Ligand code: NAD
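Shown next as structure tokens: one chain only, the form predicted alone.
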Amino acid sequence: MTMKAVRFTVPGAPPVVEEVAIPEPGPGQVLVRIGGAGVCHSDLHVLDHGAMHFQGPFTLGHENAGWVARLGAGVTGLKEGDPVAVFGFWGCGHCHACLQSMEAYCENWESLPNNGGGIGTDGGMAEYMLVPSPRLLIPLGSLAPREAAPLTDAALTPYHAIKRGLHLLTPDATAVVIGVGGLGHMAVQLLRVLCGARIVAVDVDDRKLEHARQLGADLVVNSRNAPEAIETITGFTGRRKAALVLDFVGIQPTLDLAVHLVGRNSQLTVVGVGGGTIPLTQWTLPFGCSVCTPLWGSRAELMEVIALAQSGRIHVDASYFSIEQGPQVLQDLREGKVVGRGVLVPDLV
């Protein structure tokens, strides 16, 4: 039996849709029938540069949810048909970090055969996906898998990043979100739910800024003219500036902007992998400012994110596409045409 899949081949090559074999679950493994696979900027990074130290080809897609299709020998606690989200980063499962469910910070990641579906092994841009352990599956309850799939990264990553700086976000503080795409639009919602701080959304696309306004941002600013953007934002924050700046882009212009916006005794969090740098000395950042480079989030935090979605307090603004449309959706994402999140749905009609 075969299925269609969106595949990475070698760095620099465009993605291809191919027929591949449907895998069989071995002992301890779970086969998931995919209900939705989010399309992420990190997929573009894989396509352009490869997946860390792993080689292709493999199926793309690290934001996945669906239904348990088949259980390998010895798997308990699940049954066929259960709706589940797939936790995206796969650690060793037994180091100090993994035992805290913080598998993105696994101490043994460099020696592992892969670090997740779509990041070294076959991911979820296909009809089925093989998951190596039931610990990586989170029950969805009443959430539809195609709606829940982006929660596993587009919501989990900003949730984890915000929680690391949440102690700074008092009601008289300001948080700045730079880049209001797939992750940034979730960050605006999460900030609104998790704290009372004022929220500033920054982007170069007015459509995304209007989206952020609708989601609850107190101020939206187009940063194409950086000096004007800095003046507008610092006029809003006052001399205290921002307590938390979240950069979901990570290119040099956004990092330069972030340095101008962050205040003393604050946190500058770089989530985007755009390749920009911050020269770090005692004088390049305000005193007391920490720099944080978080990765993804924990399995426990994914449970918390799913609970927020189940209660209706956050939602993913998604557009749905077939597997065959996957390469075009990735190209649209590269060109900045996607607002919210694009999600591939294998059985889309």
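Note that the structure is a prediction, hence the values are computed from the model and not measured. Counting begins at 1, following the sequence as shown.
We do not show the form predicted in complex with the ligand, though everything after this point is about it.
Heavy atoms of residue 115 never reach within 4.5 Å of the ligand in the predicted complex, leaving it off the interface. Mapping the unseen interface onto this chain, residue 103 falls outside it, with no heavy atom inside 4.5 Å of the ligand in the predicted complex.
Taking the partner from the other structure, the ligand in the predicted complex has a heavy atom within 4.5 Å of a heavy atom of residue 40. Though the partner is left out of this view, residue 122 does not reach within 4.5 Å of the ligand in the predicted complex, counting heavy atoms only. Scanning 251, 197, 219, 95 against the ligand in the predicted complex with a 4.5 Å heavy atom cut-off leaves one residue, 251.
For the candidate set 129, 187, 85, 178, a heavy atom within 4.5 Å of the ligand in the predicted complex is found for exactly one residue, namely 178. Taken together, the three residues 64, 138 and 315 lack any non-hydrogen atom within 4.5 angstroms of the ligand in the predicted complex. Judged by heavy atoms within 4.5 Å of the ligand in the predicted complex, the contact stretch among the candidates 205 to 213, 95 to 103, 76 to 84, 228 to 236 is 205 to 213. Scanning 261 to 292 for heavy atoms within 4.5 Å of the ligand in the predicted complex gives 271, 272, 273 in sequence order.
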